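The chain below stands alone and is given as structure tokens, in the form predicted on its own.
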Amino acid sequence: MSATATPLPASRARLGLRAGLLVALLLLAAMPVLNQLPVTHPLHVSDFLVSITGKWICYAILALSLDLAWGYAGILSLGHGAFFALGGYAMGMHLMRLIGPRGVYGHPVLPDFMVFLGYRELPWYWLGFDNFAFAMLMVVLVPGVLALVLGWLAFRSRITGVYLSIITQAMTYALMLAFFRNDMGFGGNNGFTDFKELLGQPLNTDTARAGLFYASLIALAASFLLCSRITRSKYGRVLTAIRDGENRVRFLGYNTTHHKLFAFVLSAMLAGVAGALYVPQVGIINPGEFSPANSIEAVIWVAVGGRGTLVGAILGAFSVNGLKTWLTSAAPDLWLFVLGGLFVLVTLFLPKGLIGLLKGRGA
């Protein structure tokens, strides 16, 4: 009897996974619509749930970007929170420039914190951020250039493993300390807040909330399709080979530095996009976003969901942040212990993450 007479379990698992993704996407897309229903309606979705889900979507893009670097290229970055924060700061600078004379001090050009600190004129690196297109370019360009420089220096020197992880963590910690300084011109400890509008639309409206929600959802879908296309290509197979045995790939004649550098830079850019979509939804950006703990938490999302799967990264971001939202309300003192324990348990007993568990059941 032919071995192809019965469907392969792996094929059934993939079909089930795709169907689940489609259902999840439709459910997410329906949330802003259901939010417009009367509060007494059984299908009404609260403003809080729409807002928190919009944040989780941004976190899912961050997790997806990290999975591209770690899950497929073997680059364990403990500094992806820095790329996320830099994208957020670029968006925040644009939003601050749009405030204009509506600020507390009424200055037509300078943000309130600059007036308070005695700035006479706008620093040169703030120029152009009143233009949306320029700001969006900086959202991807600044994290991308930083990743390019850091990656080139590290990969050409063949720095890998825990040493590279420590370097990326040191990078985000150094940026956090720098952005805390008032003389850096980024709002110091307080960062940016009190945003008024984006693209002419007031941010404190249901329309703006729904627009940002859908923009984040579209960005997540586009990022997933892009990463899926890359990882399924010949380049993606080379990346996986580098992850599993970089020296062997190098001996076969491949330039592993260029392959890893492309993945790392693209990953940083996607993280910047996630940060840019996150800031107008939460209404604030400050140096705390550079905290190394945020980058480590993103690694846990990917590990819990299942690294090297893309879908697992998204699932991990939603599930861990859902648990965090509930537990920080029910028992806030326990969250960090639960987070650490969750990482240890997944590493020891569920190395393929939640997605591996689901695929196992599908088989």
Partner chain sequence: MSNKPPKGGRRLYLDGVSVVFDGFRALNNLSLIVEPGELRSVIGPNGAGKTTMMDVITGKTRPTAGTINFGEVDLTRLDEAAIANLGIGRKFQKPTVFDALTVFENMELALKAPRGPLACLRWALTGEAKTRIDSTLEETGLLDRAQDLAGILSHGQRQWLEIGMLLMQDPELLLVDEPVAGMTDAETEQTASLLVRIAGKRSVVVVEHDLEFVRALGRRVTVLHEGSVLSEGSIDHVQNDQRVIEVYLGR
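Keep in mind that this is a model prediction, so the values were computed, not measured. Residue numbers count along the first chain shown, from 1.
We do not show the form predicted together with the partner chain, though everything after this point is about it.
- In the predicted complex, none of the heavy atoms of G100 sits within 4.5 Å of a heavy atom of the partner chain.
- Interface residue remark: D244 is counted as part of the site for the partner chain in the predicted complex, having a heavy atom within 4.5 Å.
- Proximity of R209 to the partner chain in the predicted complex falls outside the 4.5 Å heavy atom cutoff.
- Contact check for Y254: a heavy atom falls within 4.5 Å of the partner chain in the predicted complex.
- Heavy atoms within 4.5 Å of the partner chain in the predicted complex belong, among the stretches 198-206, 107-115, 235-243, 169-177, to residues of 235-243.
- For the options F262, W152, Y119, Y214, the residue carrying a heavy atom within 4.5 angstroms of the partner chain in the predicted complex is F262.
- Only one of L95, L146, V249, L78 lies close to the partner chain in the predicted complex, with a heavy atom inside 4.5 Å, and it is V249.
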